[in-house]
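Single chain ahead, by itself, as structure tokens, in the form predicted on its own.
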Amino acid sequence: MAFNDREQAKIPLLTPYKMGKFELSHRVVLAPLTRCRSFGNVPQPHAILYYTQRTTKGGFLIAEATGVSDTAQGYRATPGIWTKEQVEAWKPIVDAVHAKGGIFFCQIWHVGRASNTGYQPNGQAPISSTEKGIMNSVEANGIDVPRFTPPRKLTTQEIPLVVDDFRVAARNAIEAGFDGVEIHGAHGYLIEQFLKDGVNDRTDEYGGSLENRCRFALEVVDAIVKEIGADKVGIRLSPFIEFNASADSNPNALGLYMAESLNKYKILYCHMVGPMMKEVGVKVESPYTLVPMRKAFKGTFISAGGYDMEDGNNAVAKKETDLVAYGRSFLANPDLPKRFQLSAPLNNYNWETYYTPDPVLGYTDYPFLETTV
């Protein structure tokens, strides 16, 4: 998709941007969206259509959260990238996005305690920074009300093994053809279970002080940077969100410390969810802002969390962010940049079909604009 000078002057989101070595034609990013259609934790051919529908030449896409190991799972039919079969299954999907000129990163994750024994190898307890469980009344990703199992606290000696799982997953992602990886350090999953003092109750070098709580996340960053190069690495953080019972007593300090610490590794981007999203899908007023983190971080800054077109344009115009990631609106509008270009109405998203296992319904059946320009 190409935009002329008049359109670019009028619509900040549609201006080009150079992210490291990647030449982006616009600033509308496909956010990583769990879709629960990777049967047996293996990406499926129907994902080719889903991702290519949302691909534009020079557009940036982040793949759905992808497990780094057999202990990383917490939801049905989410993809992995720890086996040869999974790597091979990703290749045609990545190739198809590249054929349309897209830039494609794989988000790699471990859910930690947001799981139960049914998802774990040999029915073992999920692993976490803590032995504290998540209350079963908490909804996870709107899929259902899961039955969380009390986790097992990782020993100090085991933590490097999990760091290595992330490293290998990053290497596998590059083998699959992805342009880079985004480390999932948000939304109450394993990395954030270390980051936040409302979860992390450790007394070793991975708990207590802010520096100690951030140690695991930064060790993951360091290992991946050494494996695939800093120019192919991003991270997603959500210091203000309390999803999966993950609160912090000083989220502003946490976000700022991480933004500043990441500079040491010279990673490509920091992707942060704004404070207006206290819970997933619920916007709130907040005294906080991402601006201090944006100013502290020296690479590309991506903002997410309930942005509409006007919010995104304002954030880019005010230089509060470089790029804006869109989730639900991109899910329901595969041609979202085109709709922004034309100020066209958006399709409504259907929450009930976000996570249905159907390979078409609520997945690849959202209509495109019929207008041709």
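Model, not experiment: these values are computed from the prediction. Just count from 1 along the sequence shown to find any residue number.
This next part talks about the form predicted in complex with a small molecule, which is not shown.
Residue-level contact is defined here as any heavy atom of the residue lying within 4.5 Å of the small molecule in the predicted complex; does Gly312 satisfy this criterion? Output for Gly312 is no: heavy atoms all beyond 4.5 Å of the small molecule.
Can you work out whether Gly58 and the small molecule are in contact in the predicted complex, taking contact to mean some heavy atom pair no more than 4.5 Å apart? Gly58 lies outside the contact set for the small molecule.
Is there any non-hydrogen atom of Gln107 lying within 4.5 Å of the small molecule in the predicted complex? Output for Gln107 is yes: heavy atoms within 4.5 Å of the small molecule.
Taking the shortest heavy atom distance, is Tyr326 within 4.5 Å of the small molecule in the predicted complex? Yes.
Of 167 to 175, 220 to 228, 182 to 190, 199 to 207, which is the one stretch near the small molecule in the predicted complex, taking non-hydrogen atoms within 4.5 angstroms as near? Stretch with heavy atoms near the partner: 182 to 190.
Joint contact, Pro43, Ile93 and Pro359 to the small molecule in the predicted complex, by non-hydrogen atom at 4.5 Å: None of them does, since no heavy atom lies within 4.5 Å of the partner.
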